[in-house]
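Next up: just one chain, as structure tokens, the form predicted alone.
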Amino acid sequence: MRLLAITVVVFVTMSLVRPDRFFTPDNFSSMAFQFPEFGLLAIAMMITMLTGGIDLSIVGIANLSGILAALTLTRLMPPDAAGIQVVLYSLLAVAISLVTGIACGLFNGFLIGYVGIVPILATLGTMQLYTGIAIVITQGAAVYGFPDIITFLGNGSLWIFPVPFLIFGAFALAFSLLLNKTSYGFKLYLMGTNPTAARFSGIDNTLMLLKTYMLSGLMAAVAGFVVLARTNSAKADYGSSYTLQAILIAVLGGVNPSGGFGTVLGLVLAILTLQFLSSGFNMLRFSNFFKEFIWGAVLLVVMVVNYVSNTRSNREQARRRREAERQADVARGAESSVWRPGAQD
């Protein structure tokens, strides 16, 4: 409820500040094209944080998978391709992008689950690795020039809904069901809450880490393909600020960085809040450097507020537990002092 209230307050504030530009259909359409790509990355970040870890390599995976898909479309597809041939090469590009994302996530999961490297260090290293591979492949240049069927995925609309928005909505719904309605989601929350208890209950924590980081890589690849389709190009340094935004969205959405708690609904509300702020800042002509400062400040404030709130909640639970134990002791003492007929003195 607190996050929903924040979302409404930000929306109303921005609508009052610039009603002529913010509260318009064109602005809502523009926002629906903008937020899906970092929303998908936020989902990737969220599921790794539910394990108590983090994935700093999501942007590197997105760019590498996008570049390999772009090279498939520009190098492998014949220049005179048309019709079904274009569709088949487009499907091949999508498949290569997704397989790349899964493979990168699998490598992350191997380093964390089997080798035992701390997630923040493992993914920091692989972030540089994946970005470096992308730079070596492209020599730092952008790859561009894709068929219309690809650019439609990033710039087209179905009725009044932008296609990137529909892609994000489909994956958000799928992950909501995955986390709340499947045994995988139950095991993920249990492992994030208490890894030792999860292990003794028969959960294979290492296998869960592999699956989770593979899903994270898959989502990063989807985000990379959406960026490719929207910009009609792929480059090794796209979305450099998206990692911070993905962490900010996850934390603002209520995901516990220590693992075990977080919902897709909270994530969606956090995305909407930040998108409203971002659009409002653009209309107020704030510089990108100032926005970076705001994102960082908001992240710190949210983490402090969450820490204080959790600490108070834990103290209150401990106080109630002690009070319940004291009342139980008093009740047992009163019961033992009651005289019963036939009882031995």
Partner chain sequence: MPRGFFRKTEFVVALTIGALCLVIGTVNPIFFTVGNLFDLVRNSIVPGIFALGVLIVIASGGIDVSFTAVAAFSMFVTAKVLVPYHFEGTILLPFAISATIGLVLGLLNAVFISFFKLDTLIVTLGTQSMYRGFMLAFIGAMEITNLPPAMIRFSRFFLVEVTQNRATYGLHFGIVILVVAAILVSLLLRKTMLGRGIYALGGDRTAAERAGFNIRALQFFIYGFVGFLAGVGGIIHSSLVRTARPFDLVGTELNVIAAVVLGGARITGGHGSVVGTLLGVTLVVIINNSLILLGISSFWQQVVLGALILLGTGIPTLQARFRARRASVLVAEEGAG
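Positions refer to the first chain, counted from 1. If you superpose the two forms and keep the largest set of C-alpha atoms that fall within 1.5 Å, you have the rigid core. Everything quoted here is computed from the prediction, not taken from an experiment.
The form predicted in complex with its partner chain is left out here; the points below concern that form.
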Quiz item: Even though its partner chain is not shown here, does it sit in the model of the complex so that Leu111, Gln139 and Ile247 each have a heavy atom within 4.5 Å?
Solution: yes
Exercise. State yes or no: in the model of the complex, is some non-hydrogen atom of Gly83 no more than 4.5 angstroms from a non-hydrogen atom of its partner chain?
Key: no
Quiz item: Is Thr100 close enough to touch its partner chain in the model of the complex, meaning at least one heavy atom pair within 4.5 Å?
Solution: no
Exercise. Answer for Val143 alone: is it within 4.5 Å of its partner chain in the model of the complex, judged on heavy atom distances?
Key: no
Self-check item: Non-hydrogen atom contact Gly202 with its partner chain in the model of the complex at 4.5 angstroms
Solution: no
Practice problem: Let me know the one among Pro257, Gly185, Gly262, Gly239 whose heavy atoms come within 4.5 Å of its partner chain in the model of the complex, would you? | Solution: Pro257
Exercise. Note which of Gly156, Pro147, Gly132, Gly169 lies within 4.5 Å of its partner chain in the model of the complex, where distance is taken over heavy atoms; exactly one does.
Key: Gly132
Self-check item: Candidate stretches 27 to 35, 288 to 296, 58 to 66, 274 to 282, one within 4.5 Å of its partner chain in the model of the complex by heavy atom
Solution: 288 to 296
Quiz item: Who in 89 to 120 is close to its partner chain in the model of the complex, meaning a heavy atom within 4.5 Å?
Solution: Phe107, Leu111, Gly113, Tyr114, Val115, Gly116, Ile117, Val118, Ile120
Self-check item: Tyr307 C-alpha moves between the shown form and the other one by 2 Å or more, core aligned
Solution: yes
Quiz item: Is Phe290 one of the residues whose Cα moves 2 Å or more between the shown form and the other one, with the core superposed?
Solution: yes
